[in-house]
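Presented as structure tokens, the chain that follows is alone, the form predicted alone.
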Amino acid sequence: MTAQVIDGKAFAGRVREKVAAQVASLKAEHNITPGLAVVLVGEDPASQVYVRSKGKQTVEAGMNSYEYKLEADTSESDLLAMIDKLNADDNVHGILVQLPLPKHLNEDLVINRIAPSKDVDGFHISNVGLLGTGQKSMVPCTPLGCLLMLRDHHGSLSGMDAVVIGRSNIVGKPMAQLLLNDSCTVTIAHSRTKNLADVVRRADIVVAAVGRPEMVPGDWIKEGATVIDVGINRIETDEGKTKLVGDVDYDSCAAVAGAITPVPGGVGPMTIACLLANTVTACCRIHGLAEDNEFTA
């Protein structure tokens, strides 16, 4: 068996097109332009690239993009004051503080200062609680992207056996909750799971989000299973160069899986596409307008 490749780049392109159409409708019918504010503290190179990409795609979708770049030694009180200002700004519908933050800043405190209605990352404790109890919430972008691809591939996920490898607050835990809300039978596995290979082998859906390059080999995968690889790891090749790989060994897993996401070009592009979708969702909810349920959990 050779797995079907789930093309996240193409899927993300379709999401962005639909988001742009929604934005155009909001402008034409309600004179509202969704606005996304991104706050970057410090000069982490990866974060800078990511923020530039977010800003570019926000503008391309017809939304307003607001970028705030703060010095690495910015005080916690100054950062919180900026978030308060954005919370009160009617032109801003989504607020994202780029992580990781410099070590002197308390990430939990900063995240929970964002108004839950504008928390397009879905990390605020209120949104975590709403998601965990099956209520309407803002959903973290990467797990939402994974869910949308799974729904597109399978249709209904009801009754499927899913294993999520990884228990982070950003991906693993919300991913498991989303799958549970879609009526999957869900196991969260991690580095201390006993007989991890046997746990993974029973899964119809495997979501690998553990942050270890090529950790999951093909002989862990049940024949015909769907593999969603969230990992993005840069490793050295035998030629002394570097390349990006996921958390699964792609070639061996693709030989037995029914479908698989590549790295790069799989989950990654969906994250920003879902950020844009979340911003439109937040805008609609803030203004009491109907939202597109296609992009919500």
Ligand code: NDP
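These figures come from a predicted structure and were not determined experimentally. Numbers follow the displayed sequence, beginning with 1.
If you look for the form predicted in complex with the named molecule, you will not find it shown, but the lines that follow are about it.
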Quick one: does Asn233 come within 4.5 Å of the named molecule in the predicted complex, counting heavy atoms only?
-> yes
Quick one: is Thr142 in contact with the named molecule in the predicted complex, heavy atoms, 4.5 Å cut-off?
-> yes
Any non-hydrogen atom of Ile228 within 4.5 angstroms of the named molecule in the predicted complex | no
Taking the shortest heavy atom distance, is Arg167 within 4.5 Å of the named molecule in the predicted complex?
-> yes
Heavy atoms within 4.5 Å of the named molecule in the predicted complex: which of the stretches 56 to 64, 23 to 31, 264 to 272, 36 to 44 has them?
-> 264 to 272
The named molecule isn't shown here, but in the predicted complex which of Val186, Ile111, Leu196, Leu86 has a heavy atom within 4.5 Å of it?
-> Leu196
Go through Val128, Leu101, Val171, Leu178 and name the one with a heavy atom inside 4.5 Å of the named molecule in the predicted complex.
-> Val171
Contacts with the named molecule in the predicted complex, stretch 204 to 225 (heavy atom within 4.5 Å) = Ala209, Val210, Gly211, Arg212, Met215
